[in-house]
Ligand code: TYC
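Below, in structure tokens: the form predicted alone, a single chain.
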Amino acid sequence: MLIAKISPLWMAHALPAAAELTIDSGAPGVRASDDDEQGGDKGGSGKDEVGLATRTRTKPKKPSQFKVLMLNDDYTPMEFVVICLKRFFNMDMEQATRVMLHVHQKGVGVCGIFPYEIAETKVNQVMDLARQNQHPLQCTLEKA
């Protein structure tokens, strides 16, 4: 939350009309109504008054998550799949072997869940390495 000390007259002219603004009227000497700013002082001295203004900020929305999927084929060696899982998905040997066996037995397996840009990058990295090594390994992504 942003808190700033500002004078009420400056506040009326400097903030855009669409800005959400609240004034802490519990502070001494704060004028909270439009009547006060136009000379209709209802109890304060009307000079050199300072108030606290707070502006609420909206929280950014979390990015959509995507599953990176590896597809089974009959030609890519299991060891190569384990290498890809270790290199691009930071899996240890045991976890990479478990995912590779799942892909081999079920036909498809989840390598990880990431925001779109990261998932897309990982898919491209796996596919590029497979092509460089002349393997038909397929990797894709879908919304989680």
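Don't overthink the numbering: it's just position in the shown sequence, from 1. Because the structure is predicted, anything quoted here is derived from the model rather than measured.
Same protein, other form: the form predicted in complex with the ligand, not shown, and the subject of what follows.
Not displayed here, the ligand is kept clear of Leu141 by more than 4.5 Å at the level of heavy atoms in the model of the complex.
Using a 4.5 angstroms limit between non-hydrogen atoms, Lys67 is distant from the ligand in the model of the complex. In the model of the complex, Val81 approaches the ligand with a heavy atom inside 4.5 Å. Proximity of His104 to the ligand in the model of the complex falls within the 4.5 Å heavy atom cutoff. Heavy atoms closer than or equal to 4.5 Å to the ligand in the model of the complex belong, across 122-144, to one residue only: Leu137.
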